[in-house]
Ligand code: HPA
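Below you'll find only one chain, the form predicted alone, shown as structure tokens.
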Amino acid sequence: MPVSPFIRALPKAELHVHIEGTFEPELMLEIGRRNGIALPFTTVDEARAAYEFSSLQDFLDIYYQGVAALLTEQDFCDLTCAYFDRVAGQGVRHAEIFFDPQAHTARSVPFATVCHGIASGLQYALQRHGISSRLIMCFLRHLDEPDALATLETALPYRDMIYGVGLDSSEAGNPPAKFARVFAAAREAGFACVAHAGEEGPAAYVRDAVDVLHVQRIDHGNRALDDPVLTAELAQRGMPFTVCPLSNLRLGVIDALDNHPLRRMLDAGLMVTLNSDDPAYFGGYVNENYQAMQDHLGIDDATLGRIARNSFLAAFLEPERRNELLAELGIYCAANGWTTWAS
């Protein structure tokens, strides 16, 4: 997808990206060969053909097949570095990375291996590209809460590496309230809290993520619009939403990009950001998601600039770093004729 010069260089943060979902076929096959892992495909073309799916569960089945190749600290470092090498050319100045430790510890990959490998990649991003980052550990919602509590306990010695916790995987039938105790424990331990809600689940799941889990951001959140009272409340509170259009299309959350609810979310006053989710599988990184919304919904550059501003305001940033990034964005947008909001 061709990306406009304005979008390409627009300073932005990415707040919803699963590091395992950035596993491009070329790297997957390379790491699989390195570790002697027999993957269900042997060529890049076969892998890309396998990336055709029609539902969240179909996607997850393929996703976990690829994850099986990741075994060593170097594997996780290489995966993380590859993501940052790519988005360094997309104007990304800060990224908040999800990872799924249960998908790895269930395969007898030590938690420390995963955490140290990704953390090495985050340090590389800062040193090589000047991109700041946060690491967010997600609990797999199709598993039970005791498993999540055990994962949280395992993570406590790595508190200096992991900034927050999240909730992902199959949403249908797995409401946020199922994880009330683990999120309470995470908050008590000082972790920031976010959760996927309202992607394939109902607006009530968004309500529970806010009222029961006490999250600071909603990942996806499309279905919040089904409840006008909830929508108005979240707009008034300034609750951030990490919206992922290309993901929504590929997983059947929407039937066409022309019907994406981003415009309605903006009109409702919601604080939306644009992100890529699992870009290796969904056909585009963060800039392609910005471009898709311009191409299909007519979102103009000024509004995309405001969305980029939201991404810095919604990020878990130290005040000094946030002000630095907002200033950079303001200069960039002013140079492109957008000055009314960039203060």
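Just so we're clear, the structure is a prediction, and the values are computed from it rather than from any experiment. Each residue number is its position in the shown sequence, starting from 1.
Same protein, other form: the form predicted together with the ligand, not shown, and the subject of what follows.
Participant: Can you say which of 165-173, 110-118, 187-195, 254-262 gets within 4.5 Å of the ligand in the predicted complex, counting heavy atoms only?
Facilitator: Of the options, only 165-173 has residues within 4.5 Å of the partner.
Participant: Could you tell me if F59 has a non-hydrogen atom within 4.5 Å of the ligand in the predicted complex?
Facilitator: Within the cut-off, so yes.
Participant: H220 near the ligand in the predicted complex, any heavy atom under 4.5 Å?
Facilitator: It does: once the ligand is placed as it appears in the predicted complex, H220 has a heavy atom within 4.5 Å of it.
Participant: Would E199 count as touching the ligand in the predicted complex under a 4.5 Å heavy atom rule?
Facilitator: Contact check for E199: yes, within 4.5 Å of the ligand in the predicted complex.
Participant: Applying a 4.5 Å heavy atom distance criterion, does F53 contact the ligand in the predicted complex?
Facilitator: Because no heavy atom of F53 falls inside 4.5 Å of the ligand in the predicted complex, the answer is no.
Participant: Counting only non-hydrogen atoms and a 4.5 Å threshold, tell me whether E96, R134 and F312 all contact the ligand in the predicted complex.
Facilitator: Heavy-atom distance to the ligand in the predicted complex: none of the three under 4.5 Å.
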